[in-house]
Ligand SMILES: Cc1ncc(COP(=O)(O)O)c(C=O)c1O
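As a starting point, one isolated chain is supplied in structure tokens, in the form predicted alone.
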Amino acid sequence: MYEYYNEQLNLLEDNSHLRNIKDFSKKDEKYIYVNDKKLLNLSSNNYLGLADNEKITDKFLGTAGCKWSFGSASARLLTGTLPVYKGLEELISNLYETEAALIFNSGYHANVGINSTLAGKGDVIFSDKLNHASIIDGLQLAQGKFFRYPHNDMDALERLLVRERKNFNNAVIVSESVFSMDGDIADILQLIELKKKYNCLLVLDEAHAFGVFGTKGLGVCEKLNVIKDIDLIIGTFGKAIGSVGAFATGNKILIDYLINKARSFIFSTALPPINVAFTKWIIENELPLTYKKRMNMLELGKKFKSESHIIPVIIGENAKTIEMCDILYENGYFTLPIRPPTVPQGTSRIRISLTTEINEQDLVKLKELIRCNIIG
């Protein structure tokens, strides 16, 4: 009965593709412990060091007391909405100066729900080829058609728009701002120009930029001062903010449409109120204090030739990538091999993820190890 699945697992192992859930002893700021071995954690999305921070947690609980429950037991459209949910949504829309906002249970829920909902029959979505898997899954669930243009290639996107836009009713362009596996940044100004020229909606996933870029930490769209030109901005609370959940913010008609049509929102039990309250508290009280640290982190990324705090070290072969991770592990660095289908075939890599707690001195030995074992 299970032979097929076992064969597939064996095939993954033979091709250095097999994934396993790792057991960690504990996390302590920028360090992670595996079997009591202390390692510099370079694989976390905890960009501001707010997750697993006992001081932050104690500080929040000291203000929250027992006010919020640890369960909701209902979807938002049933009995799952309390004032704290509306409070967080209003905070988000006020920060972005948008018409409305909507909380989702995760970035995956948001991207699947939004991209499967906005394009119905007779509609079309144009998506960057390196967009996150959650966006791709949303496209595949949509009733409309979709096209994937070469990564960050605005000329190719325009050729697609010229060829295809006239064949559909509504059109959506969707892109990440900071790409999760490459660390590069979309040409947002050009995306805005194309969306206006060809009468499209523009959906921007700021998952890896929210909490990092911009004076307020609102993302690349804030840094470029183009929030008003984007129809829907998506952000996550599970990365830089150190909490859980995600949001979409923008045009009220689109938000109301998602409330009524996005299945990942309608049919999901709401996040626990305590988590929603924690997210709101972090954004109001801790995020404003991080500006200098965030800028230092981004400067460190630049020194490693990245446009962001995500530094890809592309190795190519799966086995060699795993071998490099093992070498780094033995030298006190925790990294993970990123392999297909997460990245294109032949581009397996180590994804170095900076946090505000990591400094340049922490990476001196790492840089030398990579140079000696990859460059030679």
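All values reported here derive from a predicted model rather than from experimental measurement. Sequential numbering from 1, following the sequence displayed.
Although not depicted, the form predicted in complex with the named molecule is the subject of the following passage.
Of the stretches 69-77, 239-247, 113-121, 263-271, only 239-247 has residues with a heavy atom within 4.5 Å of the named molecule in the predicted bound form. Contact with the named molecule in the predicted bound form, judged by any heavy atom within 4.5 Å, is made by just one of His132, Arg165, Lys223, Lys195: His132. Scanning Asn152, Ser306, Ser106, Thr98 against the named molecule in the predicted bound form with a 4.5 Å heavy atom cut-off leaves one residue, Ser106. Shown alone here, Ala207 lies within 4.5 Å of the named molecule in the predicted bound form, counting heavy atoms only.
Contact annotation: Thr279 falls outside 4.5 Å of the named molecule in the predicted bound form, judged by heavy atom distances. Although the named molecule is not shown here, in the predicted bound form the stretch 161-176 places heavy atoms of just one residue, Glu176, within 4.5 Å of it.
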